[in-house]
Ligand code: OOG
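Before any questions on how it binds or moves, here is one chain, the form predicted on its own, in structure tokens.
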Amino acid sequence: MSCEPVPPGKEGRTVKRVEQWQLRAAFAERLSRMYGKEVPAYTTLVEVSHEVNEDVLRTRGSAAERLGSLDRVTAERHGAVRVGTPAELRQVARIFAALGMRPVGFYDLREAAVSAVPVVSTAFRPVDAEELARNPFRVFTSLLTPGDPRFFDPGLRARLEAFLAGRELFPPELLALADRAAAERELPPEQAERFLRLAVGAFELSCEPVDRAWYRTLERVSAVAADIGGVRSTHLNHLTPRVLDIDELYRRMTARGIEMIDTIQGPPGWQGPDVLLRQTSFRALAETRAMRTPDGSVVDGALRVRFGEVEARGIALTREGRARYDELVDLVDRRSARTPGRRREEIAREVWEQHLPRTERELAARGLAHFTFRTAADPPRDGTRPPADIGTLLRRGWVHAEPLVYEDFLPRSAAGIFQSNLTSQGTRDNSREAAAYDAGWLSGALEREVLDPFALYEQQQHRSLARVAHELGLDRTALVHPVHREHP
């Protein structure tokens, strides 16, 4: 990050201030260095990701950068952190607001996981296309749900909430600097450096001994609950690079002797367009941690809470497209249950080939995925007026479509990653009624709006359609996608 002073003007010497996107990029890069030191296998993951991306670019040429330039993909990261209380969530939101990141999406991992994962989540990220292009850093942030009686009885809930109320995750100086950066959208260089040091330090793994008995009490309920509420600090759970061929990365990591989880979460690999998000990880590693025993002595122990995730991003689906995706996942579940001897990946690929369009153009024409549209530089010269629907405009060459990258997450995939790295299934009493959490509740807990990811993609697409309509002299309201409801 360059913060060199500029020559003095009439008002005296001035100093170039550090903008939010520069803070965000520097924070992501420093987190990556820190996490590489703490978890050396992460460095291997990044190295293999770079190798795969460069090989894909050589093989596929410009088509490899259809969903982002190699520079963007190489620099791209998403992190994951966990907090225990709404107050802690509000504080972490202030830190991410300093980096130009807003809460987007609500994810209920309690319902998405078979094992006990008592958290609800959101993702902090940039929302403007320009900011995403500069640095698309995201942090998947999970909040513990002590109020859910399926996981925590009244006695344990009271102990847990008292423990959480007695800790401080983020120093007041960090929060004050974060508020200034959010308000002014920049910081002077010295304060920027101080902010970055404090922010990265807040997510480092603490050396403070863990109360072994308390941690084990929570671990019997959920390893995730223990990781959040069994320690007096927070930490980075994983930092995720982006790769252009996740199947090849999985093969290369395995060939290096690194144990990967059993599956790649999300859509299958197939010959059609990549959509949404595919994720996998190496398994959580046993890390030495100091443990305080009931008699007050400190002994060496080991915890498995951090892992190395990697992702491949595809095209953002519309609400209609997402409904289709969810139907196909259900269909895969049903077919897998009927034919337990077949690999799920094989079944999923078969379902995708039967029920999803095989081209971007068809996805766009049928309104199943989000694109930005632009008029062609060389439109048809046959004397006809341009048609008034997107499908025909695309087919006849009046308009080109550029896919929007899916910037968000899938609750079932996130839960699958969590679940694959747990040491036990934990416990959940399904005879009790679940506590109600939704996006409205989370917005209230944050004291700021949790944005709807679909609305963000729709806004970007609608702006491009308005430009196309204006340039072609068409009625904007006529440029709508047909709605297809084909149930698999």
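For clarity, every value in this text was computed on a predicted model and none was experimentally measured. Residue indices: 1-based, along the sequence shown.
Just so you know, the form predicted in complex with ligand OOG exists too; it's not on screen, but the next bit is about it.
Residue stretch of 187-195, 303-311, 351-359, 336-344 approaching ligand OOG in the predicted bound form, non-hydrogen atom distance within 4.5 Å: Selected range: 303-311.
Could you tell me if N237 has a non-hydrogen atom within 4.5 Å of ligand OOG in the predicted bound form? Residue-level check for N237: yes, a contact with ligand OOG.
Even though the partner isn't displayed, in the predicted bound form is V104 close enough to ligand OOG, meaning a heavy atom within 4.5 Å? No - in the predicted bound form, heavy atoms of V104 and ligand OOG never come within 4.5 Å of each other.
Since only the chain is shown here, I'm wondering whether F203 would be in contact with ligand OOG in the predicted bound form (any heavy atom pair within 4.5 Å). Because no heavy atom of F203 falls inside 4.5 Å of ligand OOG in the predicted bound form, the answer is no.
Check whether H78 has any heavy atom within 4.5 Å of a heavy atom of ligand OOG in the predicted bound form, and answer yes or no. Answer yes; at least one heavy atom of H78 falls within 4.5 Å of ligand OOG in the predicted bound form.
Given that ligand OOG is left out here, which of F371, F152, F418, F96 has a heavy atom within 4.5 Å of it in the predicted bound form? Flagged contact: F418.
Quick one: from R110, R324, R366, R82, grab the residue that has a heavy atom within 4.5 Å of ligand OOG in the predicted bound form. Looking at the other structure, the residue within range turns out to be R82.
Considering only 383-409, what residues come within 4.5 Å of ligand OOG in the predicted bound form, judged by heavy atoms? Read in sequence order, the lone residue that approaches ligand OOG (within 4.5 Å, in the predicted bound form) is F409.
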